[in-house]
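In structure tokens, the next block holds one chain alone, the form predicted on its own.
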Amino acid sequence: MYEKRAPYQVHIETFGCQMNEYDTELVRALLKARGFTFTDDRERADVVLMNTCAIREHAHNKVYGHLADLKTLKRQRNLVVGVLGCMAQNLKQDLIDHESIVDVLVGPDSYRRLPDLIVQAIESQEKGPTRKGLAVDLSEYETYEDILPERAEGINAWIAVMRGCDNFCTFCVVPYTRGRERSRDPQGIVRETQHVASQGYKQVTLLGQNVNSYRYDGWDFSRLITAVAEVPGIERVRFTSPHPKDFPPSLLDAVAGHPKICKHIHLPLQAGNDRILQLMNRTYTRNEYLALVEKIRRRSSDITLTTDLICGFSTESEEEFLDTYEIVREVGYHAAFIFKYSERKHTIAARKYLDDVPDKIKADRVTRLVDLQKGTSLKKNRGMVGRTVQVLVEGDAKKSSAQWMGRSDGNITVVWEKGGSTVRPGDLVGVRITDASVTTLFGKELASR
């Protein structure tokens, strides 16, 4: 019956992290194989899907805002609304109640069921009130190994090397929305890399909640990333994110020594006070983290360090916050993602600890850290003036089509005038840095020899 019908048009909106971007590409592949088509205009869509994040408060709030916006559109015509991903898994009762406009709710381990649930919802609408479709079971085995993601054009391809997480940080909902940790077959990852290289992608970014715990039949992450970096056609390999608790020397050697593995490590700190780290179940101390930073910098001074920080976790005092402030000052990150603590349903912290730091204090701490980081970032970027960096061209700069934009090996944004340049997205070019801001290097392209 399904094959005889006109193709249904799907509009997909993605919120949250890189893993969500990758999952949207998996969803597109699964739907395309079943005859669905896609549109960028939700006003023309038969189906609107939101692939969601349960970790970031901003993404969480945007999803609810978009659902509110869709109410009018759904009243006007038979529109199927679906929520996918982490919010679907974590907030299923809120999203599927009888007053909700959501017709289809699918968790990260159940995307294979999505095409059938959409068809069921459309056919149900034609007969009367929609029967809601629900698929939120967690899996110990699902890695979507046999699915080649349907990617948008670009120079970077996300590749998930594992799914789930076993760390159980008390503030984090990932183990409850994405299940326990399981690694993909390395041969499948290498084949996927070869496929994206054949499509013209020049960079791959390997994804996992804790990539350095990757294990599969004698393969660790160091061996895997090196194998990926050896694939012909791939110019750069990035990864995110490692956990400070188990950063093996072999991985550091790979980052420092392999010419195609980028000299950038995103090393989440979250907090700089031992008591708060223990409450978060981060399983390392302040001194252990600092020792790892020192080890990284002894191995290679060219490695760029970035981090994640949470302000105002349960019971955090001003003195404990200052421990975080001091470690940020001491380490001197090139950039940091800084968040107010936001309690998430079903986490250990939500069950055991009070979210008792006032929002005003959280906001003040975020502001102080942001101001500190801006000063550090500006100083480091200005220190690049006069140097020549290799940049992978991504496309037009955001502010002007007369400029190119790309990223350095250390993942710093670089902008320069096109002039008579003959480069194209995906090319590696030398750019001499002439100026810098907090977030961007500005330069002049060197003439090719």
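Throughout, we count residues from 1 along the sequence that is shown. These numbers were taken from a predicted model, which means no experiment stands behind them.
There is another form of the same protein, the form predicted together with ligand 5AD; it is not shown, and what comes next is about it.
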Heavy atom within 4.5 Å of ligand 5AD in the model of the complex - the one residue of D308, E123, D302, E326 that qualifies: D308
One residue of S342, S110, T226, N156 in contact with ligand 5AD, assessed in the model of the complex (non-hydrogen atom, 4.5 angstroms): S342
Per-stretch contact check against ligand 5AD in the model of the complex, the hit in 168-176, 70-78, 102-110, 254-262 (non-hydrogen atom, 4.5 angstroms): 168-176
Exercise: N90 in contact with ligand 5AD in the model of the complex, heavy atom 4.5 Å: no
Residue contact check: V393 to ligand 5AD in the model of the complex, 4.5 Å heavy atom: no
In the model of the complex, N273 touching ligand 5AD (heavy atom, 4.5 Å): no
Contact label in the model of the complex: V48 to ligand 5AD, heavy atom within 4.5 Å: no
Residues of 175-214 having any heavy atom within 4.5 Å of ligand 5AD in the model of the complex, listed in sequence order: none
